[in-house]
Ligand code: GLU
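One chain follows as structure tokens, the form predicted on its own.
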Amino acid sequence: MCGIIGITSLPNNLREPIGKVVRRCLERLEYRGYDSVGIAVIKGNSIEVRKGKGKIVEVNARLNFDEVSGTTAIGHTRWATHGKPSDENAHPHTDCTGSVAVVHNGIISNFLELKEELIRKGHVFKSETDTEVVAHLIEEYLRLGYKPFDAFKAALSRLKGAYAFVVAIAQEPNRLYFARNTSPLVIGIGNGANFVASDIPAFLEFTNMVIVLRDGEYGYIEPGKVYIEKDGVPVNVEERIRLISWTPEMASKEGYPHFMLKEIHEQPFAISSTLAGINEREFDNVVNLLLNSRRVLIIGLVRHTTQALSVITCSRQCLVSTYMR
């Protein structure tokens, strides 16, 4: 999993450079990934990107996120999936023109076929990630004359897998697009500034008014507006707003009394997210491998007070019966 944040604000509303705000929001999401980090800020007709391999404190010391000013920005802290941890594979990812920037949490299962198609059309890729295809897809539809929101929706219609996206497009300097399919995404509604992030603690110091997005929903935020759609039908935003009374510590546990209980309740989501990122052929290969195995070893590290290592040995029959149930 990765952590993503998007912010769009009225000028001077945040009272400090937006790069610094994004950096602080990302620090609250670093539990979701710490291989690399980056930010992108809309600057006139272009997008400034600063990103690199390493933890937030390390990359910020090199690139100084805190000095970057602007009113609309996105950020990402990465747990590497497609592509090794590197400066090139760090998010945000941009299109050929540098006018579309994307941050992503999840896995795009059909990215290779999309990448090959886009390369044939002349697109040049700079990373090994699945995420970069999204920026180039949007660029392709913009090139065909689509308006930005239509280009964003057209790109989404081509994607398979699990994802949460935030997208900045330079020609719309006060708007950020978002979409959720399986991977978590929440909106924070502030006073003259709106947020979209992987988790509530990212923006809790700025607002406790929250909308939890549902699978299949997409839309955009502006400094004074939130718009959500599903299957082309607008969602009533006012009915979905929740007032969060949690402290930042409680928010990180999402209301559960401790992290272990939170993780137990997240297991169905974790399984569905994993399955959403696997195409049918790969899934069949894994199932056949398990069914034909004589023994399966499940190894896990318990990272609590005992730091215990547990090894569980299951027979094939036990595994299959559990799977069938």
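Every value quoted in this text rests on a predicted model; they were computed, and no experiment measured them. Residue positions are given as counts along the sequence shown, with the first one as 1.
This next part talks about the form predicted in complex with the named molecule, which is not shown.
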Okay, which stretch from 222-230, 185-193, 123-131, 148-156 lines the named molecule in the predicted bound form, with non-hydrogen atoms inside 4.5 Å? 123-131
Would you check, heavy atoms only and a 4.5 Å threshold, whether H82 touches the named molecule in the predicted bound form? yes
Check whether G106 has any heavy atom within 4.5 Å of a heavy atom of the named molecule in the predicted bound form, and answer yes or no. yes
Just give me the residues of 207-238, first to last, that have a heavy atom within 4.5 Å of the named molecule in the predicted bound form. none
